[in-house]
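First, one chain by itself: the form predicted alone, in structure tokens.
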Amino acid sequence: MTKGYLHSSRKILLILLTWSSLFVLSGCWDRVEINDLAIVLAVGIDKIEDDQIELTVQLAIPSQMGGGKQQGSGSGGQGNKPTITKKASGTTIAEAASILQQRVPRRIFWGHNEVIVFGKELAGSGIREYVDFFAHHPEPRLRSFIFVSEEKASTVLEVIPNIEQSSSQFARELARFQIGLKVTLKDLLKNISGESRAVALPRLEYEFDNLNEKKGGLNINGTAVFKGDKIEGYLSDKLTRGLLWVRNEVHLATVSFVPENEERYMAFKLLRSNTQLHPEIKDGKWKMTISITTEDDVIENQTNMVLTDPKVVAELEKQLAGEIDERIELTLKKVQTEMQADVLGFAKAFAQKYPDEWDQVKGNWEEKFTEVEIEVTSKAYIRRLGMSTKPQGIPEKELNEE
């Protein structure tokens, strides 16, 4: 009977514990409905007078974010816009956000933010202290894409695109398409305190088809190069392409050039590419060898060349590799000699292979970086010659088959 009593007591106690745990696990006391949130899709930060910053947020209008409507192109006013922008100023982002919250009837939620844009003037004075907000706040995504605006960041967020639903979505898709650099908040936080103390960010510009309605589009226009946390200068689209080759981040590329002994262009589309950095320190001299292997397709042939001879293809591969080398060398000259900003990844490569030697120069890496000897060696392989190996519209007697 004692055993039965103990068994029953344990059973009752287990039931009581199970039921009591349900009261703890089923709590919804801190639940927040989506209708109570002001969802941030993009953030713009500009420097204004009196040493203050202007914070612009692009907020989603949930009732207008459905996929069944073409947003931003109607004439019904704000009623059919999928987003709205709000602004506030302060000495810090946190202060501006607090002031902004007073003007929005819902709790501002940063967890869906996908784009952060720094205005031109702010980027020129330094971005480190403003990046800190996004590093400390628990809600912003580390995967948010970072851009520098050619002018004010607020204007970028106010653009109503003709294609995508909002400027934040437009900028996000540009980053994912990897036309230029793709830099996330995580990348920025890592690089701004990394070995080289240099950062490269995509430069975002806007254009209006209709200025009064702020309808238009966005595009990536080169790269902003930072030393420390301040802009040192800009790279054009062409030089940005060379930067992408060196950083092994090139995904979409078309190379066009006039082959030797020809008068018209031939164009090649990138299939895949691989770049490796080989640092070397010998007899006190620092050297970096950049080895690139690229595979391409012929997508346009304006010349008289017939691409059936393996010797012709081999010569084109050699010339294609030379074109890539030339583009990279232009970028190296700009970055290494003029800007003296290592956005190429050299510092990390030397630090990993030669940690002792790196410790001796890391304090003055900007100076040492300019002294590094650089050698570029590219190999190009033409994989496919196109639907036709002969140029179109040219008489047979004018074709060059040698």
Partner chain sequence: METGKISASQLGCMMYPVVIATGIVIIPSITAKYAGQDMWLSPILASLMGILVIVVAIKLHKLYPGQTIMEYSVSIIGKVPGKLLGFIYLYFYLLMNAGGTRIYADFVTGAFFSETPLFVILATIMLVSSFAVRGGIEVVGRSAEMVVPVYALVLTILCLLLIPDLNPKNILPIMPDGLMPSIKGAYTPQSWFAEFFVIAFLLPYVKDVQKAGKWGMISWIFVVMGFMATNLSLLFLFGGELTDRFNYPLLDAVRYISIAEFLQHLESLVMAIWVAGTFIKLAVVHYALVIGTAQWLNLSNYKPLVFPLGFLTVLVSIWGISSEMEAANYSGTIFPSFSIVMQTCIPLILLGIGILRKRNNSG
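Just so you know, these numbers come straight off a predicted model, no measurement behind them. Positions refer to the first chain, counted from 1.
As for the form predicted together with the partner chain, it is not shown, yet the points below apply to it.
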Answer with one of Asn304, Asn162, Ser193, Asn219: the residue that has a non-hydrogen atom within 4.5 Å of the partner chain in the model of the complex. Ser193
Residue among Ser89, Thr184, Ser98, Thr289 with a heavy atom within 4.5 Å of the partner chain in the model of the complex: Thr184
Arg103 near the partner chain in the model of the complex, any heavy atom under 4.5 Å? no
Could you confirm whether Gly363 comes within 4.5 Å of the partner chain in the model of the complex, counting heavy atoms only? no
Is there a heavy atom of Gly111 no more than 4.5 Å from a heavy atom of the partner chain in the model of the complex? yes
Would Arg143 count as touching the partner chain in the model of the complex under a 4.5 Å heavy atom rule? yes
State yes only if every one of Ile53, Lys214 and Gly228 has a non-hydrogen atom within 4.5 Å of the partner chain in the model of the complex; otherwise state no. no
To test your reading of this chain, name the stretch in 134 to 142, 260 to 268, 328 to 336, 150 to 158 whose heavy atoms come within 4.5 Å of the partner chain in the model of the complex. 134 to 142
Contacts with the partner chain in the model of the complex - residues in 323 to 353 whose heavy atoms fall within 4.5 Å: Lys348, Ala351, Gln352
